[in-house]
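Starting off, we have a lone chain in the form predicted on its own, written out as structure tokens.
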Amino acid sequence: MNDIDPTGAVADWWATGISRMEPGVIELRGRPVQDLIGTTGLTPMIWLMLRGDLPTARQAALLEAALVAAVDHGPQAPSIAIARMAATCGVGLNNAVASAVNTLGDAHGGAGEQCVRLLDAVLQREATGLDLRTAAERTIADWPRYLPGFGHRFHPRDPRRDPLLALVEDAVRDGVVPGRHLRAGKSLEALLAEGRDKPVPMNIDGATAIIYAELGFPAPLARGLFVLSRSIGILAHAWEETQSGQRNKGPIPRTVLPTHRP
């Protein structure tokens, strides 16, 4: 409270525990920014800003692996294609990145969040006294037809699955994470493989969902962290496209005309 804000109502309007800024002072989660600069990596900084404390080295390494794995999947991904198209329309990089990020919704970009909720549902059923297999079976039965985190339209086996899950298994063995969501994910994967000629292995969304959940991030932050990760690829593609010299590059070559439906 002061002469400018005698009741404190203005200062309380955007009250926050994340940052403190005064003349000559910048603190992030109670830590002076000058103490963080040069001593704290970007991944631990993400953890600090979201969680309020710094991760252990193993926690940070696991989080970073998930972030690295989801950086890019080529222009087949709508967000990447949109970033590239936007970049040819005369907008700045910030607009191209924003255009792409705004497409990361439930169908493209939301599967990680949805998979965390799926894994949580399995564990909640198990907590009622069911064995893990039965809990997984009932969760699958009650879930909508599309099961997030499993199968891939391009990859028979997502090349990012194995290294990510191997890191989780190592972290479980060393007591870094509890392993409950890993167990739930593997149970679902095993059930989906039964009676099929081709299994339905976990994909990037399933593997990163396990990592985020094992590290204690709630489901909505699984999407938020994916957005942070994919923004790197989006920026790279938008920048590359600005160097091409093309203008108004549409979604299909100019020689191909969309089918007209009378």
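Residue numbers run from 1 along the displayed sequence. All values reported here derive from a predicted model rather than from experimental measurement.
Heads up, the form predicted in complex with another copy of the chain isn't pictured, but that's what we're talking about next.
- Of the heavy atoms in P78, some are within 4.5 Å of another copy of the chain in the predicted bound form.
- With a 4.5 Å cutoff on heavy atoms, L130 does not count as touching another copy of the chain in the predicted bound form; it lies far away.
- Contact annotation for S187: none of its heavy atoms lies within 4.5 Å of another copy of the chain in the predicted bound form.
- In the predicted bound form, at least one heavy atom of G233 sits within 4.5 Å of a heavy atom of another copy of the chain.
- Comment: 94-102 is the region of 187-195, 171-179, 94-102, 131-139 lying near another copy of the chain in the predicted bound form, near meaning a non-hydrogen atom within 4.5 Å.
- Residues of 17-32 placing a heavy atom within 4.5 Å of another copy of the chain in the predicted bound form, in sequence order: G17, I18, S19, R20, M21, E22, P23, G24, V25, I26, L28.
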